[in-house]
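Below, in structure tokens: the form predicted alone, a single chain.
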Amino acid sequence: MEPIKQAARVDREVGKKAVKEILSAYPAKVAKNRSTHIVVKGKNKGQKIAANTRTIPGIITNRGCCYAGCKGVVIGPIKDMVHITHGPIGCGYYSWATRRNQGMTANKKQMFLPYSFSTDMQDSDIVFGGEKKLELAVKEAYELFKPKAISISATCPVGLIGDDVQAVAGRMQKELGITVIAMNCEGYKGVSQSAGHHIANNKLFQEVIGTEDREYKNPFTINLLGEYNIGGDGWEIKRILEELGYEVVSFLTGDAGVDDIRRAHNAKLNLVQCHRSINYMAEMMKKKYGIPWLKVNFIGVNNTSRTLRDVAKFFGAQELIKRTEEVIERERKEIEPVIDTFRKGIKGRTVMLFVGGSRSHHYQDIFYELGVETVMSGYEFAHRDDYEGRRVLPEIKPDADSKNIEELNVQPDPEKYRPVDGEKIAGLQQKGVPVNDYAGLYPSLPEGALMIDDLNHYETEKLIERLKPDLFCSGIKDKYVVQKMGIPSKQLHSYDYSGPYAGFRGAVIFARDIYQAFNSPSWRYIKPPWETEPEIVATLTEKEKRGGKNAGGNPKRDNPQKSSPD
């Protein structure tokens, strides 16, 4: 298998025309706003993109809420912790087992991933307050299941009526003698689920990590951050790491147990898979415990190989470096003939990627390996550093929305701080090992491709119509709309009930699934609307051209004298 190379140049003019057409349909202020969230990659390395700002009202976004990021992404995968949603039943039900986080516990009675716990707030609770009901729910959960810990996630109504979930958690922790943490992750906080990631990181860092010490004889101890074991990804990654001789102290938070997270500060290196959801934790652990972090990517054969080599270089042990090369050679020899077979039915196609976290970047690279060209890539809830790299962090100014999220003042722990030699870190960075750094999505995007933040449904349809990709990868919200347009759609948030896709063996499963998506005979029977229906063309009226009062509004309302809109 050839190393990843920059994809062939995408036709930049086609992308520019598509963007121009999209923006022309918006009112002037909306067009100006959206234009800053869309980049057609050129030769200029300094192209900027707007991100982590509020979605324009009326636009159908794919984003989730703060609660979804906190409970649904970061806290929810912890397998032996009871997670209580404090709010009406809808939020708890919607976040119930939708992410396909896998987990196994030695004691089956301490496995709570299949359960959904909610206080099921009713009208009377909204009027008179829900704190007493929450206390009863915590007590009942403890009496029934005897968990090691309980989490409480607040939803929108809780923040509006002022229930003090932190006070309830404090009282219950003292009474029950277990860890009870509460997150004020009301859905309306922040601009997307990214705010919830930050809140969950802060709470785990403050009240769980560092609460239990343990001596590890293995000199190669690591944590894997931002890996949520979707479809078993974490298990495949762990298989490789443990065979190489690493000891995984903790996952944050796929297949994670509470006790593992308590001991996470004992690791010597943090591997960061999803940068957006967990970079806060990586930075705080570096400041408090001196643990450096390494940006990794276990999606794809080449990326997995590169990541394993980077981790071995960090520890520097010759026997580890040698063993890494041996395992990489063996794994690649086993799987590459199979992947090559699938590639023959895949290469030469194009794909649009719009996935949260770092997944658009990760999967863009595995598509390169399969000979599939990316024509558009973007994120639902990214910040500028996810696109442009962490070098832009000094340029980002906090706004009112980001100030809603507490920034912890982290200082070195007087007893547990173990800094890594600065010269060693600098030497690794000079060799291209991404220690404490992330270059972002932009550098690996092919020239001419589009990079779009917070893509909406209208833009999705127009870009599919103009760019005509062979595959669209996103989440569940637009999957079926895209399929009705005659385009295969791959769900990369929960893998369409497949997986794992990580690691060497996961790459084979991914190649198989993409091969099947491209070659399914079902697409012969579906025609996109622009091939079967005439395009509806509208023009501005003279009044609208003049910018008159209520221009663009309902003609009947604009002129009450008329009884019909003609």
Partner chain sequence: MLEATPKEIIPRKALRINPAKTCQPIGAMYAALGIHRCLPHSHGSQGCASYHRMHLTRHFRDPVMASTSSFTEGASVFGGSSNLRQAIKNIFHIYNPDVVAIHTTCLSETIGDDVPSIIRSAQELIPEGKHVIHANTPSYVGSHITGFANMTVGMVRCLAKKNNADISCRINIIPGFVEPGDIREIKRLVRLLEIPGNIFPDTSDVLDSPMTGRLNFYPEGGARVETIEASGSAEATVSLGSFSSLPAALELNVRYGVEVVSLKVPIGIEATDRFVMRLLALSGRKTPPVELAKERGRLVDLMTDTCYQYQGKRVALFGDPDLVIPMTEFLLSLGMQPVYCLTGTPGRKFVEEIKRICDRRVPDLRVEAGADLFLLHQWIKNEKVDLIIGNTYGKYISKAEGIPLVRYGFPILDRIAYPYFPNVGYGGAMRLLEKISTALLDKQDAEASDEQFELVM
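Numbering follows the first chain given and starts at 1. Here the structure is a predicted model, which means the values were calculated and not measured.
Heads up, the form predicted in complex with its partner chain isn't pictured, but that's what we're talking about next.
S.K.: Though its partner chain is not shown, can you say which of Phe128, Tyr480, Tyr417, Tyr216 has a heavy atom within 4.5 Å of it in the predicted bound form?
M.R.: Contact check passes for Tyr480.
S.K.: Heavy atom within 4.5 Å of its partner chain in the predicted bound form: which of Tyr442, Phe220, Phe205, Phe145 fits that? Just give me the one.
M.R.: For this set of options, the contacting one is Phe145.
S.K.: Does any part of Gly64 reach within 4.5 Å of its partner chain in the predicted bound form? Heavy atoms only, please.
M.R.: Heavy-atom contact with its partner chain at 4.5 Å: present for Gly64.
S.K.: Against its partner chain in the predicted bound form, would Gly345 count as a contact residue? Criterion: heavy atoms within 4.5 Å.
M.R.: Heavy-atom contact with its partner chain at 4.5 Å: absent for Gly345.
S.K.: Although its partner chain is absent from this view, report whether Tyr515 comes within 4.5 Å of it in the predicted bound form, heavy atoms only.
M.R.: Tyr515 lies outside the contact set for its partner chain.
S.K.: Could you confirm whether Ser95 comes within 4.5 Å of its partner chain in the predicted bound form, counting heavy atoms only?
M.R.: Taking the distances in the predicted bound form, the answer for Ser95 is yes, it comes within 4.5 Å of its partner chain.
S.K.: Please state whether all three residues Trp235, Ser360 and Ile396 have a non-hydrogen atom within 4.5 angstroms of its partner chain in the predicted bound form.
M.R.: Not a single listed residue reaches its partner chain in the predicted bound form, so no.
S.K.: Among 301 to 309, 238 to 246, 128 to 136, 163 to 171, which stretch has residues with heavy atoms no more than 4.5 Å from its partner chain in the predicted bound form?
M.R.: Looking at the other structure, the answer is 128 to 136.
S.K.: Within 4.5 Å of its partner chain in the predicted bound form, which residues of 450 to 486 have a heavy atom? Give them in sequence order, or say none.
M.R.: If the 4.5 Å heavy-atom criterion is applied to its partner chain in the predicted bound form, 450 to 486 yields His457, Tyr458, Glu461, Ile476, Lys477, Tyr480, Val481, Gln483, Lys484, Met485, Gly486.
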